[in-house]
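This document starts with one chain, in the form predicted alone, laid out as C-alpha cells.
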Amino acid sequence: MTNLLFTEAEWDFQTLDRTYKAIEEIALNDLKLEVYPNQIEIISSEQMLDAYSSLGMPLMYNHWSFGKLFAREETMYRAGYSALAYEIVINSSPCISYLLEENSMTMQALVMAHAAFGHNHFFRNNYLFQQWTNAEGILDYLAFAKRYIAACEERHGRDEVEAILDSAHALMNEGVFRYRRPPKPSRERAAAKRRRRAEYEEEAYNELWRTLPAGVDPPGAPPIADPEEDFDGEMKLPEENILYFLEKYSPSLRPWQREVLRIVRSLAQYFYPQRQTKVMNEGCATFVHYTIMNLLFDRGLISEGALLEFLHSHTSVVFQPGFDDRRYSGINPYALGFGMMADIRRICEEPTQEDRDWFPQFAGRGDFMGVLKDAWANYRDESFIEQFLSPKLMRDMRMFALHDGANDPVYTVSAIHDETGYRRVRTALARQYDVGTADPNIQVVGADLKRSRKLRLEHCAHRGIPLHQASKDVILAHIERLWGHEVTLEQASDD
C-alpha cells in the first residue's frame, strides 16, 4: 500500500485537496507558519495572461494600457519567447492563489507550498504590509473601483476618464506616502461633510436633469472644488505624495476626478511594500516550498521522480548567471533571498567561528525558523541584507564592489574579500534595494491657491544625478493636466 500523495503528472481536484492538506500540515505544525485563510483557484493560460495585464489583481477597472500589455504578453507567449508564471498570489484575506491548469501535479504541489503558505505568511506578518495594506478590505475596494470607473465612463465619456487615468498612472511612483500616513479628518468633521453633501443633493435634485448628455452638469452644479473637501486648513508643505496633493488641492479637478486619483494612489500604496520586499518575499516563499517539498519526500509522500522534477524547477528559479553570462540582468532576487535564508539555517545549525563572530545573536542557536520568522516580520530588503548577509554567501556568489566615478577613466575595485571589504560590499548591495534612492525625490514645496495658482515642485537630486529630460517633460505635462495651471520644477542637491 503506497503512501504517495500522487503517482502521475496528471492532477484532479481530489488529488489537489489531498496534497494541499499534507502541505498545510507541515506548514502549520512543523514550520509554525501563520497565514490568512487560503483560496486556491485553477486558471487557464489566457486567464493567467489576463491576470498579468491587470497588475495581478482579481478585479480591476478598464484601461487601454492593460489591453496593450495583454496583447504583448500573449504574442510573446504564443511565439515561445516567454513562459508563463506557475502561479500568482494576491495579498488579501482570504489569500487568493492562482495555479496554472497546465502545471503537472508536482508543480501544483510546489506552487501551493510557495504561494499559499510562503507568500501568504510573509503578507500576513511583515510589518510593511501590516502598516500600509488592508488585506481584509482590498477585494471590496477593487470591486468599488471597477464599478466607479465604469460609471464615470458612462457618464463623462471614456476619453475623459482615460485622460485622468493616464496622468494618474504616470504619477503612481510619486503617489505614495513613504514615511507617514495621510491625515484623517475627525469623526465630527467627516459627519458634517456627509450632512452638507446630503443637503446639497436634496436641494439640487431635479428629475429632468437625468436626461442631460454625458459629461454635461446640471444648472447650479457644485463648484469645481469637491464639496466633500474644504481647503480652509493649512497646507503642510513640503508634500511627498504628489497624487494626494493634487487630489486635495487641485483648483481644476471635479469631484469624480478627485475620486479617480484617490483610487489610483490607494493602489500605488497597496503595491509599495511589495517593491521594498522583493528579495525577502520571494526568498521566504522559495525557502518554504523547498523545505516543505523535502519534508514530503522524507516522509514518503512524494516519489523520487516528483522530487527530481521539483529540484529541476527549483534550481532553475534560483539560478544566478555570472556577470559575463548573456543571461545576466542583475542579481536574481530568488537566488539572493533563498541563498540568505538557507545560509541563516546553516548558521543556526552548523556555524563556523566566522559565523559566531559575525552573528553571535543566533549562531548555533538551532531554532532557524524562529530567526527567519523574526526577520520576515521586522525587516525589508535593504535592512535584511545589511544585517544578515554573511561573508560565506558573499564568497559563494563571488561578490565584490566597484567604484564608478563619473569623471574617472576606469573602474576601481573598492572592496574585496577581507574584513573591511565584506562590510562595504554588504552595505553597497543593501543600498541598491533602497527604493528611496531609486525613485526621484520630488516634492511639492509651494502652491498659490488664491492668486496665480502656480504650483512649485522641487527635485532633490540623489548623488547629483539629474532627472532624464524627456521623462521630466512628460511627467510635468501630466501634473499640469491635473493641476490645470502653471507648474515649475526646480532641482536641489541632496546636501
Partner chain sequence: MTYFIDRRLNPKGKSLGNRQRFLRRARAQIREAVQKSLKDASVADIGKERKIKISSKGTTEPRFRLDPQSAGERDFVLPGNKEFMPGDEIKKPPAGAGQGGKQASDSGEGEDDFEFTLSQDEILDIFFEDLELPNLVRTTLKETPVKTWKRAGLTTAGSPTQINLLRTMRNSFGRRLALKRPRPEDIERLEAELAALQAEEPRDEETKNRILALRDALDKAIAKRRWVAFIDPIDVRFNSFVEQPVPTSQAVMFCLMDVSGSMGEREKDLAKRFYMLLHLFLKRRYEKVDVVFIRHTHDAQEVDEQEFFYSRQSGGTIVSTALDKMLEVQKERYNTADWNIYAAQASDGYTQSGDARRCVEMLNEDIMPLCQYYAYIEILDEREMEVFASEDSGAELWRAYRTVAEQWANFATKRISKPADIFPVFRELFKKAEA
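Positions refer to the first chain, counted from 1. Worth saying up front: this structure is predicted, and the values here are computed from it rather than measured.
Separately, the form predicted in complex with the partner chain exists; it is not shown, and the next lines address it.
Participant: Would Pro321, Ala401 and Ile442 all count as contacting the partner chain in the predicted complex, using a 4.5 Å heavy atom cut-off?
Facilitator: So, yes: the whole triplet contacts the partner chain.
Participant: Looking at 295 to 303, 346 to 354, 152 to 160, 248 to 256, which stretch has residues with any non-hydrogen atom within 4.5 Å of the partner chain in the predicted complex?
Facilitator: Within 4.5 Å of the partner lies stretch 152 to 160.
Participant: Go through Ile26, Ile40, Leu33, Ala447 and name the one with a heavy atom inside 4.5 Å of the partner chain in the predicted complex.
Facilitator: Here the answer is residue option Ile40.
Participant: Just checking whether Trp483 would be counted as a contact of the partner chain in the predicted complex - the rule being heavy atoms within 4.5 angstroms.
Facilitator: Flag for Trp483 set to no.
Participant: Is the gap between Ala9 and the partner chain in the predicted complex 4.5 Å or less for some heavy atom pair?
Facilitator: Answer no; every heavy atom of Ala9 is more than 4.5 Å from the partner chain in the predicted complex.
Participant: Would Asp50 count as touching the partner chain in the predicted complex under a 4.5 Å heavy atom rule?
Facilitator: Answer yes; at least one heavy atom of Asp50 falls within 4.5 Å of the partner chain in the predicted complex.
Participant: Although the partner chain is absent from this view, report whether Glu386 comes within 4.5 Å of it in the predicted complex, heavy atoms only.
Facilitator: Flag for Glu386 set to no.
Participant: Do any residues of 450 to 478 have a non-hydrogen atom within 4.5 angstroms of the partner chain in the predicted complex? If so, which ones, in sequence order?
Facilitator: Heavy-atom contacts to the partner chain in the predicted complex: His459, Arg463, Gly464, Ile465, Pro466, Leu467, His468, Ala470, Ser471, Lys472, Val474, Ile475, His478.
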